[in-house]
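Consider the single chain below, provided in C-alpha cells and representing the form predicted alone.
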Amino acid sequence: MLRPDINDLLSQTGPGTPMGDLFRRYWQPVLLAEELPSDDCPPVRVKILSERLIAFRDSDGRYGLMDEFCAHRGVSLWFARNEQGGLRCPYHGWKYDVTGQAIEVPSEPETSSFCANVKLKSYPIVKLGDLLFAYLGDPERQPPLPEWEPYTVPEGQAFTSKRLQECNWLQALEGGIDSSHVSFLHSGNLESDPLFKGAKGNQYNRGDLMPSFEVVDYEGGLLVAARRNAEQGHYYWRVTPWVLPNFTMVPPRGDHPVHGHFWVPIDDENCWAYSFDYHPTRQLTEQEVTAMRAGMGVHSENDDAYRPLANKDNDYLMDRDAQRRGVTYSGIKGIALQDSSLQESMGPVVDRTKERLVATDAGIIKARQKLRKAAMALQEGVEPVGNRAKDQRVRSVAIVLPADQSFVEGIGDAMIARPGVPQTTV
C-alpha cells in the first residue's frame, strides 16, 4: 500500500507538480499524424498534462502546438481559420504562426510593433512515423528526438492507434507491466485473436497460471520478467521493458508484430493509450492491419473522438453468457477493453492505501519507487533517464532458457533494438 501523499505525487502531472515536471523532460505523443492529414486542415484540440493546447499544420506543412486560447479575448482557436501560414481567430482576426507568434492584428496600424510583443506559449512538435511527438519542458533541457524502434522502421512496418482511457495514467501503465493477469483475463484471446494465435509460447501461459517474477534495473527503467514452466526442465521467459516514465512493450509471440504502449496523461483522471504494432524486419500484412483497425490485439474499436465504442456507459458491452461459457474470461470482447474496463473500474484515481500487493506485483512496486525517486531527484536538479537514444533502443523478449540460466544472461543483446535484425520470439 502507499501513503496518500505518495499516491498523489505519482498520479498528479499538471504544471508545477513533481511528476508533471518529470513528464515534461520527455518527448510525448500528442496526436496521430492522421489527425492533421494535410496543409491548412482544421486545427485539433490537444489536452496533455492538464494543459489545453491547439495543434495545426500550416500552408507549408509545418506543425504547430500552442496555447488553445487567443491572447486578445481568450477565444478558443479551435474555431480559427487555418489559412495562409497561420491560424486566424474568427472573433477579431488576430493571426498566429506555428510558433505562437502573433503575425497580424488587423485593428493595429501597419506601422505598429504590437504584434512583436504578442506570443502564445508554444511547444516543439515533430512527426515520427505515424505519430506526432511534442516536448513541453524546459527548452534548455530539450532531449534529442525519440528513437523508439516503431517510429524508425520503414513505412509500412508499423501501425499506431489511440484510445481514451477514463482513469489516471498510472493505473493504466501498471496494467502494462503486469504479465501475471494474462493467464486469466486474456486467456480466451491467445488462440482466437489473429494477432496472437499460433505462437508456441501460448501453451506456457495456459499451462502455468502462477508465474514467478524477477525484476532488474535497466538503465532507462526496469526489465520485468515473468517465468513459466516449459518442457524438459526449461523455463519460458517473457521480459517486458518499462522505460521512464510511460513506455511499455509487450513480449512478442511467434512472427506476429510486436505490441506496446505509451500511457499519456490528459489530466489527473484521464489518459491516452497510444498502442503500436510493428515488425522489425518485414511489412505488416493487409490482414494484420485490417485486424488492428478492427480493434484486435492491443487496439480497440473507437468513435470519432477515439473513445471506445464499448465503454463504462454501456458496461463495456459485457456478455455474461460468454463469460460463463469461457469464450472470454471477463465477458468483455478484446484485449484492450478487457484491460481498460478493469482499470477504469478502480475509479478515476485508485486509492492505493487500500491495496494488498503480492510477489507478482514486484514490477509495479519497483516502477513506483523508480518514478518517485526520479521525480524527487529532478526537483534537486538531477536529470532523468529514459529520454536518451540508448534507453529507447529497446525490445521486449520471449524466450525459452535452461532452468539454470538467468534470464539476463540468456537474453543477451536480444533486448537491444537493431535495425533489420529479427526479434527473439517463441
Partner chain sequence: MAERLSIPAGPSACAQAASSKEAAYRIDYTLAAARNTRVVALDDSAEQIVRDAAAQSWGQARFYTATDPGHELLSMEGQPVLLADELEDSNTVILVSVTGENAKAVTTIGATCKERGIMTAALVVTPEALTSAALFNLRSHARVLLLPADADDLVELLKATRA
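Because the structure is predicted, anything quoted here is derived from the model rather than measured. Numbering follows the first chain given and starts at 1.
There is also a form predicted together with the partner chain; it is not shown, and the following applies to it.
Of the heavy atoms in Arg356, some are within 4.5 Å of the partner chain in the predicted complex.
Contact check for Ser59: every heavy atom lies farther than 4.5 Å from the partner chain in the predicted complex. Using a 4.5 Å cutoff between non-hydrogen atoms, Phe133 does not count as a contact of the partner chain in the predicted complex.
Contact annotation for Ile416: none of its heavy atoms lies within 4.5 Å of the partner chain in the predicted complex. Each of Met210, Arg227 and Lys366 places at least one heavy atom within 4.5 Å of the partner chain in the predicted complex.
Stretch 214-222 is the contacting one of 133-141, 214-222, 113-121, 285-293, since its residues have non-hydrogen atoms within 4.5 Å of the partner chain in the predicted complex. Residues Ala403, Asp404, Gln405, Ser406, Phe407, Glu409 are the ones in 385-415 with at least one heavy atom within 4.5 Å of the partner chain in the predicted complex, listed in sequence order.
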